[in-house]
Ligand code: GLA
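Form predicted alone, single chain, as structure tokens, below.
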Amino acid sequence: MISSTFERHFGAPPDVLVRAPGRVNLLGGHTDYNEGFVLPVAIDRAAWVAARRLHAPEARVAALDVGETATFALEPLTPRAGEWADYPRGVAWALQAAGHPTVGMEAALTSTVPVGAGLSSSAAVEVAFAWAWRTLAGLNIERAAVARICQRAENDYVGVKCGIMDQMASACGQEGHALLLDCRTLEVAPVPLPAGVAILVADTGVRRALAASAYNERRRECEEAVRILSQHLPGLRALRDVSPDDFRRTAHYLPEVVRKRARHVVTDNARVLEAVAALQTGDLARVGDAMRRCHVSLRDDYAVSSPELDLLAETAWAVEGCYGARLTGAGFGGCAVALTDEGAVEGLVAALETAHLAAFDRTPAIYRCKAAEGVAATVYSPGSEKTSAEKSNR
């Protein structure tokens, strides 16, 4: 248990224990930073932070999974160092930039979200630390604002220009539900997942350094599409504002590569809304078809797939009882997600393992995920058992 490990490491029990989930995204690939729509699910794999308040203006963080400890001043904060501690350091920086005071903190971190798999391990860590500071300092910050702060930490401190989806899913997840997230307004609408449906995540084992990858290049290409199309579509602010009909009328103004990137975003926004409507009527075949078309678009137009991801998706499509599958996360490696009937889980797992082993001489890690609650804190009082599970500002 992380609380007992914290006490052994720091010589005193924690004041608070925070759990912040990772996420898997059913639909909406690379639409979030284009102010579009996404359909993530917070999952039952999470980052855990046990923390205690310090009177000194510094943070002492033990990363239990890597056996390393970092100490950094909060007044003033040091520049980024290109290491794991940039995530809690960046959260402290973003909290302060938003006008929220940070307090000294001793913290222990562990996580069950696999790193680099496209399940938002970094967002889970960011949200866990933000919620720990929120709790220790008694800050009144709503969940969407916490997500914004964590996104800024990753964008402007760590240097990865991610959208808001990962942090919002970790902050706002609801058990048994996917979340329709409008990445412009941050409006969240819970979408119930039908009974008898399972979510499988298959990890290719291929890792990528996201900050150094083509992720930021894709973002620049989308911005270029907006710049060009805004000359022909008045009031255009982001690709979210381009309807499929608008795109058909104006796509010829775009260079070929930029046109393909924009086409993916425009059509994927439409697919998210289509899938939400289908979930609400229980039409899982239609949801699965939208997932399949999303993968093809990410592969052909956005060019973020890989041979491993293509194999997993295509194998899943052929398994009876599997509604749909696609790559999830940023791509370039990581995981595929499948939506399947619970009765088909064993057959789907066997098919994915067999195909991947035959093609790449290794078996993918496969996780069965449940839709989980967003970030929550358990607060301890000195010398007593835990006193409350804090889930405020839903």
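Quick note: we count residues from 1 along the sequence shown, nothing fancier. Only a predicted model underlies this, so the values are computations on that prediction, with no experimental measurement involved.
Keep in mind the form predicted in complex with alpha-D-galactopyranose (GLA) is missing from the figure; the text below concerns it.
Contact annotation for D166: at least one heavy atom lies within 4.5 Å of alpha-D-galactopyranose (GLA) in the predicted bound form. Taking non-hydrogen atoms only, M105 never approaches alpha-D-galactopyranose (GLA) to within 4.5 angstroms in the predicted bound form. Among residues of the shown chain, L339 is not one whose heavy atoms approach alpha-D-galactopyranose (GLA) to within 4.5 Å in the predicted bound form. Using a 4.5 angstroms threshold between heavy atoms, G329 counts as touching alpha-D-galactopyranose (GLA) in the predicted bound form.
Residue-level contacts in the predicted bound form: of F247, W317, Y215, F72, one residue has a heavy atom within 4.5 Å of alpha-D-galactopyranose (GLA), and it is Y215. The listed set I149, V266, C162, L136 contains one residue whose heavy atoms approach alpha-D-galactopyranose (GLA) in the predicted bound form to within 4.5 Å, identified as C162. Note on the interface: of 22 to 30, 348 to 356, 361 to 369, 43 to 51, the segment with non-hydrogen atoms within 4.5 angstroms of alpha-D-galactopyranose (GLA) in the predicted bound form is 22 to 30.
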